[in-house]
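Consider the single chain below, provided in structure tokens and representing the form predicted alone.
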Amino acid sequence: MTAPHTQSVVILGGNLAGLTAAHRLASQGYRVTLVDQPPSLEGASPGEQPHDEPEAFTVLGCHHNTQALLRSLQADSPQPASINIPLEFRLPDHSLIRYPRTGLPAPLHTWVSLLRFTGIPWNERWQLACWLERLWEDEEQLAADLEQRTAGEWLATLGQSTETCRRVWNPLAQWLTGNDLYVLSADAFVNSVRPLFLNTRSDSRISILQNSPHSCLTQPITRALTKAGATILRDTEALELRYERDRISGVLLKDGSLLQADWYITALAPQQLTPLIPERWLTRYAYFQQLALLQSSDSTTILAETEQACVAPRLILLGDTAFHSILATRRGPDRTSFSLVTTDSRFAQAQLSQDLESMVPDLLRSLGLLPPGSNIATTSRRTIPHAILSLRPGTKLHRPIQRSPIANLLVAGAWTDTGWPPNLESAIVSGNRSADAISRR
């Protein structure tokens, strides 16, 4: 077995997937070179946030890899305490209702919580609860064609009405995956909902970290890499993957230099990865051909601040506005920050700026988040191109696993096949799997 300190690894991409793989391998003694490729207009990896992300973020109890990474970084950078918050929905009468939590063990807590959730009409709750009971008792099985049907179509077969889908299931699907319920495959919907609602009670927790992913994850990982002696090349662009036979022999950089290593990991978005692949491999391997079949859309976040104290963080899902979720967090002793997320392409257009100045305060007031007489102090907008990977029926087959057909090439990223929708957990899982694939060899 070859000792790790004699093995070298080049990682393309300084996003969370690349950083996770680099952190794991550097801690095991591998000689790591991380190429922090500058982002392009099409370089935003789905599910991952840019380095200048300013706002707080949520971590679910079922995101075990994210939580493990945060704990491992606490020695180098103490993490802010997380706060558990409820999940709230706005009903058609503009009232807010929380999804209830119980102290019962699994799966009883799921069954009782569902029956107590008045956001869904009683008859629909009862039908769904009975179906879950039959599923747990193996009297019924999940349909075999979930990947060929949309989530909206499948929910209708379980007795869920169009109105319930609009006010509960669609905002939930958009919050978890970024996809509309009638575009999202039923398989992707089940896989995104199951860990949060159908596993253990601790998995259903929603925690908020007041600091950004950059300060909680990116910065401490970068410090750990520097301490471990890893090489970090910033704002360096890769132009081509050189090869000999069916192995990568080096990475040609824009400055003309050639990086060579025993192993290579690409943690790039599909739009960045495909131009680097040799034409011979693109035509020969379906693994690389299928990258072109992945579709994505933009995500826009409206950031607003007001000069008032935040009593408690709030997460509200909306089914009757262009924004599918609002996260309210504390930005100091007397300031509250609001993050409103939408996939509506109209909000990426500059001409909507004036409309937002009145639209955002009106929405916040209708939710009771902005007291009468209070004003928004600042408003900004950030659009991330290709941030949302389309999980329409059939997409599951095109998301690549970490092992590529090339012996010394691994592919990482939130958009790869991790069993999760493209999010922070998926990015970290892909980085861990890439590192494991190298260390086990």
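Not measured: the values here are computed from a predicted model. So that there is no doubt, residue numbering starts at 1 and follows the sequence shown.
Only in words, not in the display: the form predicted in complex with a small molecule, which the text now covers.
Novice: The small molecule isn't shown here, but in the model of the complex, which of 370-378, 384-392, 400-408, 23-31 has heavy atoms within 4.5 Å of it?
Specialist: Result for this chain: 384-392.
Novice: Sort through 114, 146, 363, 238 and report the residue having a heavy atom within 4.5 Å of the small molecule in the model of the complex.
Specialist: Spelling it out, the residue with a heavy atom inside the cut-off is 238.
Novice: Given that the partner is absent here, does residue 424 sit within 4.5 Å of the small molecule in the model of the complex, heavy atoms only?
Specialist: The answer is yes: residue 424 has a heavy atom within 4.5 Å of the small molecule.
Novice: Taking the shortest heavy atom distance, is residue 326 within 4.5 Å of the small molecule in the model of the complex?
Specialist: Because no heavy atom of residue 326 falls inside 4.5 Å of the small molecule in the model of the complex, the answer is no.
Novice: Report whether the minimum heavy atom distance between residue 268 and the small molecule in the model of the complex is within 4.5 Å.
Specialist: Within the cut-off, so yes.
Novice: Looking in the model of the complex, any heavy atom of residue 65 within 4.5 Å of the small molecule?
Specialist: No, residue 65 sits far enough from the small molecule in the model of the complex that none of its heavy atoms falls within 4.5 Å.
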